[in-house]
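One chain comes next, on its own, written out as structure tokens in the form predicted alone.
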Amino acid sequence: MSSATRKILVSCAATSGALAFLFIGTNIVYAIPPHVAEQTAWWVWMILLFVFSFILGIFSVLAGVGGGVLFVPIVSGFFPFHLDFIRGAGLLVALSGALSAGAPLMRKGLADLKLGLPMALVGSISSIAGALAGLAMPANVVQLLLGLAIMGIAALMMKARAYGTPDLKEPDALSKMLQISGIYYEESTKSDVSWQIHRTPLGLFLFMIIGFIGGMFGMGAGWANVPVFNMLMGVPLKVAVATSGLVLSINGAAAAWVYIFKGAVVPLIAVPAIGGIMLGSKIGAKLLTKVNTRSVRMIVIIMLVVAGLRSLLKGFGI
């Protein structure tokens, strides 16, 4: 990169940063209720959000769940930001994590386009519908529905049992027509593993529902994508996890534009949240082999239950 190009990029970045801070006052007035803003300086909440997101990033990796599914219920329950802004930031948190992991998984041949694109097509359409529906509903109704959804996710995490390499079963007519099958290299056994899917129509229907829920609540959908791929459709776990990120990146991008267009994405909430989650995820990845992930997963489930109960109480105005 030439010095002239570098100077132009630095100038653009500096100008963008200056323009962003011109709107700090306006954004923060809408994001934080007045009675809270009078008691605590806005920058204190930004620091707390960054620290909290950093810790959340560590736990999300160790527990094997996306940061978005933890971010929205916990931040909405214990931070003073408006729910619409939290959902907008939550989508960007989930999207950033999926995009950062997508390229390496694609290069390794684990994320499969033929498998992911049909699911992303129906999921992205329904995620836009979910985002529009969520922004049109009163905040207390969305908070109540969020609490119910989080309790359901916690129950699913307690009962879900993934299968590393499910038994090959006869593929259905739709998967044959779409030619959805593949081979990936399993490093642990040093061999190629063939896979194919079944129950494709039911999988498409569930991904439509998952997309709607993700768009409405601003959550990533890894908690649901992977079980549907793995336990329902018979996709090997590694391919399911990798392709889930591909689906999430497309669905999240579609719903995120709705929140951006409606003015529900505030940089002062989204930036520290994304920065904290991404940094914490890197630390969590290094700790993954050194901690008991089952215990961490149970802690995360308890956190979700508490956040779900808190959301239910806020939804009822308690």
Partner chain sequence: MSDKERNTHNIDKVQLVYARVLEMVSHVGIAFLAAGYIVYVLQLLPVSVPIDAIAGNWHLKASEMQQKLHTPAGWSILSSPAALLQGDVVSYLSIYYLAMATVVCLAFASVIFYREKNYLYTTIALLQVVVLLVAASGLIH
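Since the structure is predicted, the reported quantities are computational estimates derived from the model, not experimental observations. Positions refer to the first chain, counted from 1.
Absent from the display: the form predicted together with its partner chain. The rest refers to it.
Contact with its partner chain, judged by heavy atoms within 4.5 Å in the predicted bound form, is confined among 201-209, 228-236, 73-81, 150-158 to 73-81. Within 4.5 Å of some heavy atom of its partner chain in the predicted bound form lies at least one heavy atom of residue 124. Residue 45 belongs to the set of residues with a heavy atom inside 4.5 Å of its partner chain in the predicted bound form. Shown alone here, residue 269 lies within 4.5 Å of its partner chain in the predicted bound form, counting heavy atoms only. Remark: residue 281 does not count among the residues lining its partner chain in the predicted bound form, judged by a heavy atom distance of 4.5 Å or less. Heavy atoms of no residue among 169, 240 and 314 are located within 4.5 Å of its partner chain in the predicted bound form. Annotation for 117-132: interface residues with its partner chain in the predicted bound form are 117, 118, 120, 121, 124, 125, 128, 132 [heavy atom within 4.5 Å].
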